[in-house]
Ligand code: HEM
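Next up: just one chain, as structure tokens, the form predicted on its own.
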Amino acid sequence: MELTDFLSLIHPMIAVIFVFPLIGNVANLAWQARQRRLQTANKGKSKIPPVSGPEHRRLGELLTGAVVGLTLVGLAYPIGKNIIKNQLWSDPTTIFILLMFAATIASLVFLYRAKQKLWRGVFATLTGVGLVVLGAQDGVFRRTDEWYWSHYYYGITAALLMIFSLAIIQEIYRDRSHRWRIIHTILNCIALLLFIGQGFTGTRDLLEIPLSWQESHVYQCNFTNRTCPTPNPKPSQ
């Protein structure tokens, strides 16, 4: 395995070691926090510790940063590989891409720090736009013809939902009608399903991506007809 092959494993490695366990903890705390609210509303007390709510919020905010960071890592590898392969170091697009990475990270940092609704909306929008623009760059495998089964589209959608959840977190606690809480719950249930889909589609894509020394042979195949060139027979001795 060469260096380029090892770098391609950083994205799934971070997902397996850090992000997916974090998703499990956040989902579990979300269920506990909901059950505690229902129990205290009906019976006035609950055996579920009150820390479940604050912990859900803390880990949820951490999850947003982890998902956005993982998405950026996943985009950086194919974009960087395309730049190196085509020697685009001095191309203006390369400078634009680097600025977009920096601007997206900065927007996410400011989103965490923003208190006013307007600025939270602005920085959430900028972070989401940054991900979408980076995802549209050459080298990123989007599987657009099968968008409904695409690891890329699942990931971008889940990341946008996480950004939106972070942007509305303060509104959830201020809204006495629970409208924002309901929206938050519905959207994050959708995000959870997308994360499950990510586990499947990511595994599938790892099986389909050849090692660097195999690319010149594998990419000669016709993926539509599922055929590959017949190798030349060995010369007779």
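The first residue of the sequence shown is number 1, and the count goes up from there. Remember, it's a predicted structure, so these values are computed and weren't measured experimentally.
Another form, the form predicted in complex with the ligand, is not on view; read the next lines as being about it.
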Just one of 96, 147, 119, 141 has a heavy atom within 4.5 Å of the ligand in the predicted complex. Which one?
141
All three of 16, 152 and 181 touching the ligand in the predicted complex at 4.5 Å, heavy atom to heavy atom?
yes
Interface segment, criterion being heavy atoms within 4.5 Å of the ligand in the predicted complex, picked from 101-109, 86-94, 122-130, 67-75:
67-75
Is there a heavy atom of residue 82 no more than 4.5 Å from a heavy atom of the ligand in the predicted complex?
no
Exercise: residue 137 in contact with the ligand in the predicted complex, heavy atom 4.5 Å:
no
For residue 39, is any heavy atom within 4.5 Å of the ligand in the predicted complex, or not?
no
Look up in the predicted complex whether residue 175 has a non-hydrogen atom within 4.5 angstroms of the ligand, and give yes or no.
no
Taking the ligand in the predicted complex, which residues of 1-31 have any heavy atom within 4.5 Å of it?
11, 12, 15, 16, 19, 20, 26, 30
